[in-house]
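Here's a solo chain for you in structure tokens, the form predicted on its own.
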């Protein structure tokens, strides 16, 4: 039986707006295909995980206090994480974790949370706490040649700049910053985004992109995923795209 080994970082601290749902959606689509989903968890202060031994690493969003604690803890693993990414381990990073992998996060009060500096972007919070990028969002994305629309929910005061390799073009909502027109960061084995817990459940194409990538890297051969019955998901997506974009 094929297996995908998944690491969920700080599940008790980085789980805003149902981010844990990404693990549930991932597990569901893996196991429906008769593949074993081996999910492990890392908590603050535990023994260092071997990041390179996993196929997928997930890290969600958290408030500034939790983000500061996680940032301090994760600094000791900076080189291990960088090596894992270079070796091709897939990372899915949501909101606070997206920010953490950049140069730094500047808070409302001007405090600086150092990032892991794995990628070149940086994030600065808007001083006015009442101004946030919040609400539904739709972005147009290319996943290894397949064009699809990602639907989700964003809620962030942080504005992320200097993103050289974006996840997608904003069709509805805000994205990396007010008026940026672009959302997230993506390279072949990293998706970083402000889209919260609804990401993988609302967007089967993204989930399957991750599964296919992980399997092909692990087993060193081309993999054709068994199609799943996405009738319900497709109908939900049609309704949402009609609501947000007027598509029929």
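Just so you know, these numbers come straight off a predicted model, no measurement behind them. Numbering follows the first chain given and starts at 1.
Another form, the form predicted in complex with a small molecule, is not on view; read the next lines as being about it.
Can you tell me which of 71 to 79, 170 to 178, 138 to 146, 90 to 98 lies within 4.5 Å of the small molecule in the predicted complex, counting heavy atoms only? The contacting stretch here is 90 to 98.
Would you check, heavy atoms only and a 4.5 Å threshold, whether residue 208 touches the small molecule in the predicted complex? It does not: once the small molecule is placed as it appears in the predicted complex, residue 208 has no heavy atom within 4.5 Å of it.
Just to confirm, residue 64 within 4.5 Å of the small molecule in the predicted complex by heavy atoms? Residue-level check for residue 64: yes, a contact with the small molecule.
Verify the contact flag for residue 240: yes if a non-hydrogen atom of it lies within 4.5 Å of a non-hydrogen atom of the small molecule in the predicted complex, no if not. Contact with the small molecule, no.
Just to confirm, residue 103 within 4.5 Å of the small molecule in the predicted complex by heavy atoms? Flag for residue 103 set to no.
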